[in-house]
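What follows is a single chain, given as structure tokens, in the form predicted on its own.
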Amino acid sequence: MELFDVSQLPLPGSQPCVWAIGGGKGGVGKSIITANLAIRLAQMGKSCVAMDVDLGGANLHTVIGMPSPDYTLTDFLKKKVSSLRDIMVNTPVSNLWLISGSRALLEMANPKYTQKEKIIRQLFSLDVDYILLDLGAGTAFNILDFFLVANEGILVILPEPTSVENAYHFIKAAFYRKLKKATKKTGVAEAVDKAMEEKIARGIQSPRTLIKNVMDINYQAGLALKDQADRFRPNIIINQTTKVIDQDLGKDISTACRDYFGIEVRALGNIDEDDHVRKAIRMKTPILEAYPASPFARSIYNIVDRLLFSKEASYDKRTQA
């Protein structure tokens, strides 16, 4: 399947900044975190769209505290409306709009490449400051491509062995998907094939080693791979932490990814388990509005601050894809 090339996007006067929130498995809290990151941005005066790309199990509207909208992504993909703007609906939160993925038909759960391309092109033409994508679970190409096209890719992880393992699988899959773009350049695919043929002899044990050995075979090809690797800098959030030992999990994952993959993974912070989250969901009210001083809310404030005000947040939106 072809990888969407963000360099082909039109250049309007001001493109929105896109954050994509994913997870290696379901049930890690992606939708709750996506909704409340978007609400926090809206509270800060940023115009923001929360978009539910989990067409197989969309529930972002419920977390925000509103019924399923009359028009959703299905209407856009079925060409009942021509623009994503036509399915942007007001939410109870000022400055925040929702593009829902609810009521998706079975065939809509995995959009075709042309449909995905159409969504991505229109995303970057919306006249808002931020767009937050609530992605489905897993490592399907569509999920990876939405994650990679975003200015900030954020992976939500629970402090559980299965969630951590799936997170590594997600990062590895996204990393290789990112490197695939470099193989379109002359000589890169050939150099990769040769390096893989010599895998046993050359001791290729990780993507990092692969890049080094490709560089030995074809320096320019290796540079092309390294360039893509250097641009892949995902973020992670450790959700529902309960123990002291959980506090260093983000740092440990970052270190492992640097040592094995040769990439920088930024730990944005931990979100402790908080009963206010369940209470807010039962109330059908966003937790940042129901319990703005809760531990969960304070963690969201800190994470948004890190994303907005760190040095890494000042980037060229086009070159990050």
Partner chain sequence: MTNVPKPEDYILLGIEPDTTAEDAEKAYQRMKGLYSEGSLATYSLMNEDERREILTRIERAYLRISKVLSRRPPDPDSDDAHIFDLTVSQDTTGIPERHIGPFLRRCREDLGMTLKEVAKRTRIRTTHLESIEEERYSQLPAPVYLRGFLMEFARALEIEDAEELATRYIALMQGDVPEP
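Numbering follows the first chain given and starts at 1. Just so you know, these numbers come straight off a predicted model, no measurement behind them.
The form predicted together with its partner chain is left out here; the points below concern that form.
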Only one of E117, E160, D216, D227 comes within 4.5 Å of its partner chain in the predicted bound form by heavy atoms, so just point that one out. E160
Among the candidate residues F141, Y71, Y176, Y168, which is the single one with a non-hydrogen atom no more than 4.5 Å from its partner chain in the predicted bound form? Y168
In the predicted bound form, segment of 43 to 51, 286 to 294, 266 to 274, 248 to 256 with a heavy atom within 4.5 Å of its partner chain: 248 to 256
In the predicted bound form, is there a heavy atom of its partner chain that lies within 4.5 Å of any heavy atom of V164, even though the partner is absent here? yes
Are any of the heavy atoms in K181 no more than 4.5 Å from a heavy atom of its partner chain in the predicted bound form? no
